[in-house]
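Starting off, we have a lone chain in the form predicted on its own, written out as C-alpha cells.
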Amino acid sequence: MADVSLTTRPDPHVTATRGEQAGPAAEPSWDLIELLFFAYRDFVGDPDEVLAKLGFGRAHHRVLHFVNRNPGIKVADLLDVLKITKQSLGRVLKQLIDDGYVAQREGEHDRRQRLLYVTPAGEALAMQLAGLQTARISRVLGELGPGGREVVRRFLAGMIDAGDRDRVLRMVARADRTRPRRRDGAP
C-alpha cells in the first residue's frame, strides 16, 4: 500500500524558500524536499523495525496511531483522516482486530456505526511506537532551543493543505485534550 494517496494539486501561489514565486520558472527547493524525504524515512524507520517483527507495516501504524489518539473514532472518520480506500483500511483493520490490537464496537445510538478502540495490547504498541518517534523529536527540539517547538509546529501545520488545516489542527487539539496522561507525566 502506498504511504500517501493525495488527489490535490500543488498550490501555484506557494512561494519557494528564497522568496521566488513557485512555478515552472522557479528552481525547486531541492534541499528541503530531500531533507523531508530523509527525515520521514528515519522518523518511520524505528517503528518500522518493531512493526515488521509483528508482520505489520506503516498502514497498521497509522491506523493504530489514530485509533489510540481518538478512542471511539468511526471507521468513516478514520477513512477521511487516512485518505485510503475502504478496502485498504478493511484489510489492515481486520489484521489489527484479529491480532488483538484494536476492538470494534457498534455505535450506542446508531448500531450501523463501527467505533474503534485500542485494546490494552494496542495501546502498549501505539505508545511504544510513539515513544521511539518522540525520542527522535525531543532530541532535535533540544538542539533547536527555546521556541523551536513552535516554529516546527507552524512549519508542519503550514505544509497541510489550507482547506484541511483547520480541521486537522482541531482534531490534534481535541485528541490532546481528551487523551488521559500517563502517570509518569509522559504524553
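One-based numbering along the sequence shown. Since the structure is predicted, the reported quantities are computational estimates derived from the model, not experimental observations.
Same protein, other form: the form predicted together with the DNA, not shown, and the subject of what follows.
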Check, residue by residue, if T134, L144 and R149 all come within 4.5 Å of the DNA in the predicted bound form, counting heavy atoms only.
no
Please run the contact check for V81 against the DNA in the predicted bound form: heavy atoms, 4.5 angstroms, yes or no?
no
Would you classify V92 as touching the DNA in the predicted bound form, given a 4.5 Å non-hydrogen atom cut-off?
yes
Residue-level question: is A103 within 4.5 Å of the DNA in the predicted bound form, judged on heavy atoms?
no
Under a 4.5 Å heavy atom criterion, is A59 part of the interface with the DNA in the predicted bound form?
yes
Quick check for you: of 119 to 127, 155 to 163, 135 to 143, 59 to 67, which stretch puts a non-hydrogen atom within 4.5 Å of the DNA in the predicted bound form?
59 to 67
Members of 64 to 98 lying within 4.5 angstroms of the DNA, judged by heavy atom, in the predicted bound form:
K74, V75, A76, K83, I84, T85, K86, Q87, S88, R91, V92
